[in-house]
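Just one chain is shown here, as structure tokens, and it is the form predicted on its own.
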Amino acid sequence: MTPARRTSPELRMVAVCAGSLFVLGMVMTFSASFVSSTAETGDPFGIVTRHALWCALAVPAGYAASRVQPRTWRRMALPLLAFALLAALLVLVPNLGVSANGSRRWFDIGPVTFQPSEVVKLGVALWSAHILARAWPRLRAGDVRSLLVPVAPMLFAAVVLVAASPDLETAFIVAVAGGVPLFLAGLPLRLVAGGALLGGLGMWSEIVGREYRQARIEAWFDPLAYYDTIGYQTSQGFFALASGGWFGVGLGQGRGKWLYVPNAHTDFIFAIIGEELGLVGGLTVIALFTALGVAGVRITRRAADPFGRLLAGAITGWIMVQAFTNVGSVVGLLPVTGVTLPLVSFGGSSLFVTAVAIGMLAGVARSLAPPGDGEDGPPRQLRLVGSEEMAG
């Protein structure tokens, strides 16, 4: 491997964006959490200390993942997926999974809380890329059955397991992690549209079947009308963002975290960023994620083999959709979703798994094909297939 490839612009962009978001997450987690941490435990550093410990595990894990050859990850695809799906099933068992706010999504393992759905995202992305890369010669011949089987049934099972917790938002992100490789591998657009329609109908049936989700949709249209109930979090998020102005009220000076904005250090940390760092700070966060997405697309286009391309596309799609779903829910473009802001929000499982995924993306970037290689054939927009590629 040549030094030039190890220091490709894409690799540097991933490292700079991810590193900046990690640092921002550490700073803003402390700023957003010290009031609630003091109120709950008497220790203002309790939450940020746990976040720092997770960072101390996540950063080395992400770096180690970046040094592993992509072909090594292929050997781990099936074991990781099996572990993730088994954990997602077991968390639904009352005596095993921990329930909070009406959802059963976590395991309590001593001092550590573990959320299986985070591992499901990574397992689905890795396994889908592996299976589709293995079937690459048949895919190039237009064999749609090889595209759908066994990826589509597995993806359906994973989505249903995560949605059963219930966690509809994360189930959607799991669908993205497994659906992007299918799209990039050449799934006909009519099947993409059909799958999206079925998924949308499934989500709608879940929404109308649960009263609290219907109320969340109603509050999305007019949060102030539901200020005392389901619209309170959205309204307080708006107040925090509005008070930030262009440059914010100053780091640590925000009022929203004083037990006004619920989940200020997790789901709604972007509201605190907007309040304390202003519109400029919020746009900087969006710019970092956008740059990370651009790097991911470029890595997807230039990866040296089909597996690397599909894995890079899956990871990029998952992280971008999750980031902009979180931001969209805070600014009112989407209903409140409950997903974290990747690399920034407090949340050990999410932070660790996302760091490993970013490391995998960087690992693919280390073995990029020279510029122009692998971009001369179908399928579709990203033109992933080179003229002489093998399945690996």
Partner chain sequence: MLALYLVLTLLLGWRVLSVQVIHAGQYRVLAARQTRRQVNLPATRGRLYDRSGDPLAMSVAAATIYADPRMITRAGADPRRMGRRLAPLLDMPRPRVERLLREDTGFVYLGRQMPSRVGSRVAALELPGIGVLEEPARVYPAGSLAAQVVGYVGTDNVGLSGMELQYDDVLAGRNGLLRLEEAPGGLDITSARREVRAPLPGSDLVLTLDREIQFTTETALRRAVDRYRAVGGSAVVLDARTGEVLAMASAPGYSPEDIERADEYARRNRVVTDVFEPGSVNKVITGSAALEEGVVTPATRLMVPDHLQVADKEFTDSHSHPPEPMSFADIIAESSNIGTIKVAQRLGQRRLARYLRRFGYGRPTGLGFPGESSGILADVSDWWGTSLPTIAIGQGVSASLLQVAGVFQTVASGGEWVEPTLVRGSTDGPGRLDPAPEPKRRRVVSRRTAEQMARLLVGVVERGTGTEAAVPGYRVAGKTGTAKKPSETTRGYEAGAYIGTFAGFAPAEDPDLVVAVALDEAEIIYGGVTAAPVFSEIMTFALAHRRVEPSDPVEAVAPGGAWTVAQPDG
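Residue numbers count along the first chain shown, from 1. Keep in mind that what you see is a predicted model, and the values were worked out from it rather than measured.
The same protein also exists as the form predicted together with its partner chain; that form is not shown, yet it is the one meant from here on.
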{"property": "Non-hydrogen atom within 4.5 angstroms of its partner chain in the model of the complex for each of 224, 253 and 328", "result": "yes"}
{"property": "Proximity of residue 116 to its partner chain in the model of the complex, heavy atoms at 4.5 Å", "result": "no"}
{"property": "Contact flag, residue 241 vs its partner chain in the model of the complex, heavy atom cut 4.5 Å", "result": "yes"}
{"property": "Any non-hydrogen atom of residue 283 within 4.5 angstroms of its partner chain in the model of the complex", "result": "yes"}
{"property": "Proximity of residue 260 to its partner chain in the model of the complex, heavy atoms at 4.5 Å", "result": "yes"}
{"property": "Stretch in contact in the model of the complex with its partner chain, which is absent here, among 127-135, 147-155, 232-240, 160-168 (heavy atoms within 4.5 Å)", "result": "232-240"}
{"property": "Residue (of 214, 72, 205, 290) lying close to its partner chain in the model of the complex, criterion heavy atoms within 4.5 Å", "result": "290"}
{"property": "Proximity to its partner chain in the model of the complex, single hit among 186, 278, 97, 195 (heavy atom within 4.5 Å)", "result": "278"}
{"property": "Its partner chain in the model of the complex - contacting residues of 315-334, heavy atom within 4.5 Å", "result": "320, 324, 327, 328, 331, 332, 333"}
